[in-house]
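Here you get one chain, nothing else, as structure tokens; it is the form predicted on its own.
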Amino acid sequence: MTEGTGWAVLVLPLALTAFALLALAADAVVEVRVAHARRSVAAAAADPWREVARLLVGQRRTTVAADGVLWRSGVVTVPLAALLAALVLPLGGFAAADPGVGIVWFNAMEILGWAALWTAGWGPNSPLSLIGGYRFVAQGMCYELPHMFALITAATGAGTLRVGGIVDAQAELWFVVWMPVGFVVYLISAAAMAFWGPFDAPLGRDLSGGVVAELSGVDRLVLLTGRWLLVVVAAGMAVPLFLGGGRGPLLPAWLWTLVKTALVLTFLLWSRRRFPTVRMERFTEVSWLVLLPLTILQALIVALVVLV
């Protein structure tokens, strides 16, 4: 896999932001259609741009006895963690970086997002945002172990922690075919990682927005942008891990990567409206009693196949 550093690092944030904006516009159109509102597609697709403009000119909110450094650094780190995780994402046969521990790097940046969202909830000195931050920590404790075993399963099947090596190992058979449990668990944990869809309790309406309850203006825009970037990056990583990377007939590798990423992203957008918000105690039971044993069993089966 070809690596690039200079211009690729500069282009990557722009490309991810553009992909996230397209997904946001598509989500806005679907929301209008589901609500049966009498609005044109163009007007619905323009809603995200209006919201961005509104937040850019909005006043930043302050709270009493807030830890400003912790608060603002947590907000900024959410999109930063998504961008750093995306460094190992391949586009066809090219990636900004393809280190020998790419899977470890991706998971580490996800943990950085954990810390960022918690500090963004702690910093304002507000009970609503603090509870939202702790909800995400509890959510992370639920999904992280199954998520790690899903990543380990793909790495075990390829015999490497390098993302490019995992793509190369799927030359004959995509991992989703013989690692279906790992793929399904990864999709579930990807939604939880981006506090998305049924896992949006950290931003719950019962908390007036939870982590973002005290955020306004540019601060709110930055954190919500980071959330959408996490969704895109999580969807993008499913492609090299389980869907063969850029492999496919007729189309070039980079286009196949985009098509597969769009399909995974479509599923995540669909799940947002298909499933209600999951309560943490219920998710804990399902995760530790169902998902974790299944992923361990899947990892053991893959290890036996590799050894044989």
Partner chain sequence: MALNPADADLVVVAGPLTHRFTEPVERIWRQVPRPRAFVRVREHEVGDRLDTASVVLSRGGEHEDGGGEVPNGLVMADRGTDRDGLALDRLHVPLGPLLPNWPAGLVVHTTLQGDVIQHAQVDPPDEVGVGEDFWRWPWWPAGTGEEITSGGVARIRLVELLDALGRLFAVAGWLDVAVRAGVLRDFLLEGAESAWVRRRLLRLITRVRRSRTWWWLTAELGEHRHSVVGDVSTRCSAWLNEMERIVVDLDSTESVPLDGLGSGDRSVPVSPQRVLPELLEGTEFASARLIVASLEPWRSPDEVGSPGGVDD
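Everything numeric in this text was worked out from a predicted model, so none of it was measured. Positions refer to the first chain, counted from 1.
Just so it is clear, the following notes concern the form predicted in complex with the partner chain, a form of the same protein that is not shown.
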Exercise. Taking the shortest heavy atom distance, is A97 within 4.5 Å of the partner chain in the predicted complex?
Worked result: no
For this session: Look up in the predicted complex whether Y134 has a non-hydrogen atom within 4.5 angstroms of the partner chain, and give yes or no.
Result: yes
Exercise. Counting only non-hydrogen atoms and a 4.5 angstroms cut-off, does P276 reach the partner chain in the predicted complex?
Worked result: yes
Exercise. With a 4.5 Å heavy atom cut-off, would you call L215 a contact of the partner chain in the predicted complex?
Worked result: yes
Problem set entry | Options 178-186, 122-130, 165-173, 233-241; stretch whose heavy atom lies within 4.5 Å of the partner chain in the predicted complex | 122-130
Exercise. Looking at L91, L207, L83, L161, which is the one with a non-hydrogen atom within 4.5 Å of the partner chain in the predicted complex?
Worked result: L207
